[in-house]
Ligand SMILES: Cc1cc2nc3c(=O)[nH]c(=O)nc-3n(C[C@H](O)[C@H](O)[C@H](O)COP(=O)(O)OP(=O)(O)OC[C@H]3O[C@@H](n4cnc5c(N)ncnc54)[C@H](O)[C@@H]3O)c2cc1C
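First, one chain by itself in structure tokens, the form predicted on its own.
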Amino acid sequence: MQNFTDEEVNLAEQPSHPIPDPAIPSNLYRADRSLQRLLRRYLRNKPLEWNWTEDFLAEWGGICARQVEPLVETADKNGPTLKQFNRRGERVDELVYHPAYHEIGKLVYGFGLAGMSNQPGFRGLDRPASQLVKFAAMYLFDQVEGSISCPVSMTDTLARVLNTYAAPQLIDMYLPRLTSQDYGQLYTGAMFMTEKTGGSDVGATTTVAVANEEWWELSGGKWFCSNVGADLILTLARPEGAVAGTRGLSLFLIPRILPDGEPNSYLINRLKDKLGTRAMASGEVTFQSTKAYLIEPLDRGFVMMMEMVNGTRLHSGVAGAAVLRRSVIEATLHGKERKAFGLPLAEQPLYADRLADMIVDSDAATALFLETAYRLDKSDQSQSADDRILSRLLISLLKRYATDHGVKAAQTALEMRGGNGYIEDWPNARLLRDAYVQIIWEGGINMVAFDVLRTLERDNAWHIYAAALQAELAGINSPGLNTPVNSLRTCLDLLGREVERLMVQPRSIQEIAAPQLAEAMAALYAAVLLIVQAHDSLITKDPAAKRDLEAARRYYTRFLQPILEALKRPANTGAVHELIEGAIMPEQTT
């Protein structure tokens, strides 16, 4: 902190009513009662694992608040630069980061977040850490940092793909570096998929792969490459002569540095000038006979890449939930410390009502991401088709819900702080800028809604989804909760009828309704999880039982019911093209 002399202080303009400058809690885990209690539900019968988890998250929650948070503003305002040539005129494409970026990296990778679920024996465990605990730790990190979490998520998911699909020699060569807690030895990961021909239309990929004796060589361009300086890259390319569309794509692993120590042959054309996530380098890349390893089988590239996409989608959903939580923190601190018209804002009816809505929405997103992570663990352990389908469905539902609501919460928290929220000295503007990328990354609202639609059509997923919620509701045996439980059962029946009706509609109607359907399915699942939490509080005589009941009630009336009502309104497709054609009139010449 800068020190002023007495003379400078006297000369400085001193406002008669200084604006409060609240600080976030010193431990993000200890300050989050909802996270602690929702998480404990999954570990109530595993006391040793619960104690380990509590210690791990409490330590990390303190590091995030006290060490990561002070570095983030500096890293955000001093983004990376690209040095394309050295002083001899040789092409080097070297990324130069501010030291704050590396300090954050040392903390997050050094604590093990990118490797903890991909290596056995993590911090005394006899196995890899669960997805549940890892994503709880990412949730704490994402509350303070919105840029470096992207490379962390891709490093984590790339390691998962290698573990699942790669040949043993590739695993032995690269997995220890991807999971290293030594920042100097660490390899970070990335996936380069988007091309100029389209981001969502992956089947239009034009990058070509040619097989040589030792390597495959790739030629083509990738248009949006997050963590463009990554050490290992997963990408899709079409082998010569392969069929069109996603069926003809193969998966390749590209090392930045080849085994002989020489750099691989691809160009970083420029860095993207982005709205947010400014501390992390995104760029455009051209492959020029770039050497790559094939991840076999040759004709399953897109399917294997979707394993990474689903993992990073889950990371995005967790980041959306974290934005919701950080928005709650900012709006609560401001509401308690800022006075207007003689009262703290938090004691004024409208401010308090809006804040309460944000709090229960945050509870819902937290419950949903923990359930999604738990279901991924269950899918990994059981190898059941139903578990795999429910896991994939929940990842898409979480991605659609939490990233959208995270942006809305960040916008609301900024507005609640007023003019100061719009100023970059405060965290709100950065929070909103960084939140927007989570909606876009790995498929926007429309794309993940289409994935929900495909899962319902192809995998009979509605019955699996409904059975999971019926099982949750069947476990509630408190007579005082009969009314809300019956209401949620009615909502499940109504939503089931809507799904049944939608499945026989023309494709155009299905696609228009898909985003609202995904929103409704996510909200209903969250509402059930909140009433389950309220039941647990009542049974255990938790002092927070009254609070949990109010959270479940408010979420049902303020969120779930309006979302279900919106879903029932029929889509009007008749005049869509007329509206579009009339949006920009042809220029008239005289």
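All values reported here derive from a predicted model rather than from experimental measurement. When you see a residue number, it is the position in the sequence shown, counting from 1.
The same protein has a further form, the form predicted in complex with this ligand, not shown here; the description that follows concerns it.
Engineer: Find out whether any non-hydrogen atom of Met138 is located within 4.5 angstroms of this ligand in the model of the complex, and reply yes or no.
Structural biologist: Taking the distances in the model of the complex, the answer for Met138 is no, it never comes within 4.5 Å of this ligand.
Engineer: I'd like to know whether Lys106 contacts this ligand in the model of the complex, with contact meaning heavy atoms within 4.5 angstroms.
Structural biologist: Lys106: no, not in contact with this ligand in the model of the complex.
Engineer: How about Ala409: is it within 4.5 Å of this ligand in the model of the complex, going by heavy atoms?
Structural biologist: Ala409: no contact with this ligand in the model of the complex.
Engineer: According to a 4.5 angstroms non-hydrogen atom cut-off, is Gly198 in contact with this ligand in the model of the complex?
Structural biologist: Yes, contact at 4.5 Å.
Engineer: Hey, of 94-102, 372-380, 447-455, 251-259, which bit sits against this ligand in the model of the complex at 4.5 Å between non-hydrogen atoms?
Structural biologist: Stretch with heavy atoms near the partner: 447-455.
Engineer: Spell it out for me: taking this ligand in the model of the complex, does every residue among Met191, Val437 and Glu442 have a heavy atom no farther than 4.5 Å from it?
Structural biologist: Yes, the whole trio is in contact, each within 4.5 Å by some heavy atom.
Engineer: Using heavy atoms only and a 4.5 Å cut-off, determine which of Ala367, Leu314, Cys225, Val323 is in contact with this ligand in the model of the complex.
Structural biologist: None of the other options qualify; the answer is Cys225.
Engineer: Can you work out which of Thr179, Ser282, Asn310, Gln131 has a heavy atom no more than 4.5 Å from this ligand in the model of the complex?
Structural biologist: Only one listed residue qualifies here, and that residue is Ser282.
Engineer: Can you name the residues of 32-52 that have a non-hydrogen atom within 4.5 angstroms of this ligand in the model of the complex?
Structural biologist: Going through 32-52 in order - heavy atoms within 4.5 Å of this ligand in the model of the complex - there are no hits.
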